[in-house]
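Only one chain comes next, encoded as C-alpha cells, the form predicted on its own.
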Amino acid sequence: MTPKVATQARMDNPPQLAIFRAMSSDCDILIVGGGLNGPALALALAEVGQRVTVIDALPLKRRKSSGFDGRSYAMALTSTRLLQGIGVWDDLVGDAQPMLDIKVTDGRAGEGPSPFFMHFDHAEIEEGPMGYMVEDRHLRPVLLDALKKHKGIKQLSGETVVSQETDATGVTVTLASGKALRGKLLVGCDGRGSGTATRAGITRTGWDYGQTALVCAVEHERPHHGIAHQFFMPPGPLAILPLTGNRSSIVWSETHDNARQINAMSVEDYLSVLRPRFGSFLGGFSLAGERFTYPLSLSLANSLVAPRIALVGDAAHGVHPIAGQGLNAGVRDVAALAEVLTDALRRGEDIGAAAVLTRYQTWRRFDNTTLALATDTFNRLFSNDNPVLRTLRDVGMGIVGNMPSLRRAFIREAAGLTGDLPRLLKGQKL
C-alpha cells in the first residue's frame, strides 16, 4: 500500500481518524486576533512550552504603524505585572506615564466642577502607581516584536478564518487563503464582533449607549503631574488622562448626533467646544495629532467557552470606557486562561477538554459580568442632569472622598489589586 493510500485508509476509519488528527496538529493552541490580548496570551503560553499560532486579519505593516490613532490605555498596576511576566514591559516602560492620582468630579460644561469630589492618591497604598498610561502605537509594536522573536509562536498576518470545526481531539480552522490549521484549542481574541464566537453558536447580550466617544490627544502649557481626571457631565463623561510630557489623552462622550457634528468641525471650532469642558487648570492647549470617534455600547458573550473554544477580551465582554477597565479586563482573561491551561498541562490533562475550559469560565464570568453592570450603572447614574440624582451622587462622592478606608478600597480596585488574581497579575511566574 502506498503512503497516500494508507493515509486515506486511516482517514476513512473514525477511531483511526481521531488518532491521525491528534498526531497531525499544526500547534497546540490557535489564537484568532492579533490586537493586544491575542499576542499577550501567545507569549504567556509559549513561555510554558506551548506551540501557538496567532492568526491576524490585519497585515503586519498596519499593525505596526507608528502614528497616533487616538488609542491609549489606562493599564492597571496588575496589568503591567503581566507585561513584565511575558517579557515586554522593560521595552515599554520608557514610553509609559505613571498614574499617580485620580480626581473624579461632577458638573456642567463651563460651570466648573461640583464642590463634592473624589481624590485617589497612590501614596495611600504600598504597591506604587495605580497604573500607567500607555499609547497603542508603543504597546502594539513591542508585543509584535516579541512574537516574532519567540520560537514557539507562529504569526499569520493578513489571514482571516472562514470556518472552524471541532471534534473529540481538536479543532480545525480554514483560512480565506484555503489553508487549514489544526490545534487542540481555539481562542477567540477577535473583538466584539467575534467571528470565533459566532461560528461556535455563542450569542451575545448588549445595547447601544446612544453615545460616541470623541478621542484625541492635546498638548498643554502646564504639567499634569501624573493626575487622571474624570469629569461627569449630563451628555457623558470626559476623561483627561496623562501621557508622557505635557500631553493628555481625551476621551469625551457625547450623544451620537452631537459627536458627529463636533467631529466634523474645524480644529478651531472643535477646540472651542472642548475648552469649557476641559477647563483652564492645565493652561492653554492644542491638538497633538488626529481626532477619532468610537461608538459606545455594551456587548457580553452569553458564554465564554464552547467545545474546544475559549473567548478572551472584547470577544467575551465589551464594556463602557467610563472607568478605563476594558483592556484590564481582557488582561485578566489572558492571565486566568494562561494559568488554567498551564496547570492542566502539568497535570497531564487535555487542555481543550470541557472540564478545563469550565474552570476558566467559572473564574472569569462573574468578574466580567460585575464589571459590565458597574460601568453600565455608573454611566446611567452620571450621564444625566436629573437634580435628585445629581444631589445623591455628589453627596456619595463627598462621603467616599472623606473616608480613608473607602478611598483605599477604590484605589486598590483601580490598581487591579482586588479579587482572585491569577499568578501573572501577582508578579509571579506561571
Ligand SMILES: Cc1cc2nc3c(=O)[nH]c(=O)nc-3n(C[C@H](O)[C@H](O)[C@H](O)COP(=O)(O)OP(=O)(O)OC[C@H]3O[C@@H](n4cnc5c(N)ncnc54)[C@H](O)[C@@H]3O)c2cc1C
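For every residue, the number given is its place in the sequence shown, counted from 1. Here the structure is a predicted model, which is why all the values come from computation and not from measurement.
Quick note: we don't show the form predicted in complex with the named molecule, though the next part is all about it.
Taking a 4.5 Å heavy atom cutoff to the named molecule in the model of the complex, the contact residue among 232, 120, 285, 73 is 73. Listed residues 198, 84, 160, 255 were compared with the named molecule in the model of the complex; 160 is the one with a heavy atom within 4.5 Å. Exactly one of the stretches 188-196, 261-269, 356-364, 84-92 approaches the named molecule in the model of the complex with heavy atoms within 4.5 Å, and it is 188-196. A residue is said to contact a partner when one of its heavy atoms sits within 4.5 Å of a partner heavy atom; residue 32 meets this definition for the named molecule in the model of the complex. With a 4.5 Å cutoff on heavy atoms, residue 48 does not count as touching the named molecule in the model of the complex; it lies far away. The closest heavy atom approach of residue 294 to the named molecule in the model of the complex falls within 4.5 Å.
Although the partner is absent here, residue 57 sits close enough that one of its heavy atoms falls within 4.5 Å of the named molecule in the model of the complex. Residues 325, 326, 327, 328 of 325-339 are found to place at least one heavy atom within 4.5 Å of the named molecule in the model of the complex.
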